[in-house]
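Only one chain is shown below, in structure tokens, and it's the form predicted on its own.
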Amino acid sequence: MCGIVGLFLKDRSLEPQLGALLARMLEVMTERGPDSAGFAVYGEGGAGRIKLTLRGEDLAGIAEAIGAGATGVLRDSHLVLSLPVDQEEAARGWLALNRPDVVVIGAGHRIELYKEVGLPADVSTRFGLSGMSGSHGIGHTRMATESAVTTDGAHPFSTGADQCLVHNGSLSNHRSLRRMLEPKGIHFVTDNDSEVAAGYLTWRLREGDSLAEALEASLDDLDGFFTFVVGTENGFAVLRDPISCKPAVMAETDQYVAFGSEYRALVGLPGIENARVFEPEPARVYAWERN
């Protein structure tokens, strides 16, 4: 099952509403994935600074302990650590030495990533999604059909700076892909096939592909059935496999582009009655960016 949502705002005046709109879309997908949920929001980024989203217990005081200009915003079980770009390596080293129990689940200039076990509405409330602003965001509701219900298994997965992925489907060759990617420096935290898909895109982007080129290459290299929604610093993209057995619908207006596993996830969006609503075609990359 699982449910995916995504919202990319063309109209900057809607940015204060991003979180509220995304939260509603995520909640509507509860029946497709009631065991855990997660989302990534692309908000403001400070010049010369990077954000690290940390997950763990007893996170208060970490920013002060790291020092070097670090600040932190605590949201339930996650801490968004903001620090100068040139201090990222030192901060990661401090965490590895002093707080090995803490997991860095996202990093980049603009991305904040949150995920937990529980109903989508409860997860979004815990992290205050409705009050967040930004240019775009993606979300996922999970029904764990092949693994235990854990926070580690929840989506999104982020394996590159300001890049994250949510996935509905199943990959049959993720183990062989993982063995290929790990020697190339792609690090994995879980056994989830979706994290391998995210890592594959990170590798292709690092090798010089555009996002569209990386997704097109995945049609040959990833074996299985899938619908991907990918977030980047400046936009997002959608891809379905050539069979496209997983449901997907999109809507586009002058103000936004929206994605949902079902149309009912989109009905609360402003101006949806005038949107161009369509089903994304198999094996075709759809991508939007803001400069």
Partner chain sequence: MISVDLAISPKRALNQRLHELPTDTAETRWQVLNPQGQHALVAGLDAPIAVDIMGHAGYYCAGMNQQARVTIHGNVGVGVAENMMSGRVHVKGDASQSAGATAHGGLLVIDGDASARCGISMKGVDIVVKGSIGPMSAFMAQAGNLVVLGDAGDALGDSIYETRIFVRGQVKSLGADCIEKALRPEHKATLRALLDAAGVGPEVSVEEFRRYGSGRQLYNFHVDNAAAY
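Predicted, not measured: the structure shown is a model, and the values here were computed from it. Numbering follows the first chain given and starts at 1.
Separately, the form predicted together with the partner chain exists; it is not shown, and the next lines address it.
Comment: 254-262 is the region of 218-226, 254-262, 41-49, 55-63 lying near the partner chain in the predicted complex, near meaning a non-hydrogen atom within 4.5 Å. Of the heavy atoms in E15, none are within 4.5 Å of the partner chain in the predicted complex. Remark: D11 does not count among the residues lining the partner chain in the predicted complex, judged by a heavy atom distance of 4.5 Å or less. The partner chain is not drawn, but in the predicted complex it has no heavy atom within 4.5 Å of A20. Using a 4.5 Å cutoff between non-hydrogen atoms, P282 counts as a contact of the partner chain in the predicted complex. The three marked residues, L181, G208 and A212, fail to reach the partner chain in the predicted complex, with no heavy atom of any inside 4.5 Å.
Along 15-33, a single residue, R32, places a heavy atom within 4.5 Å of the partner chain in the predicted complex.
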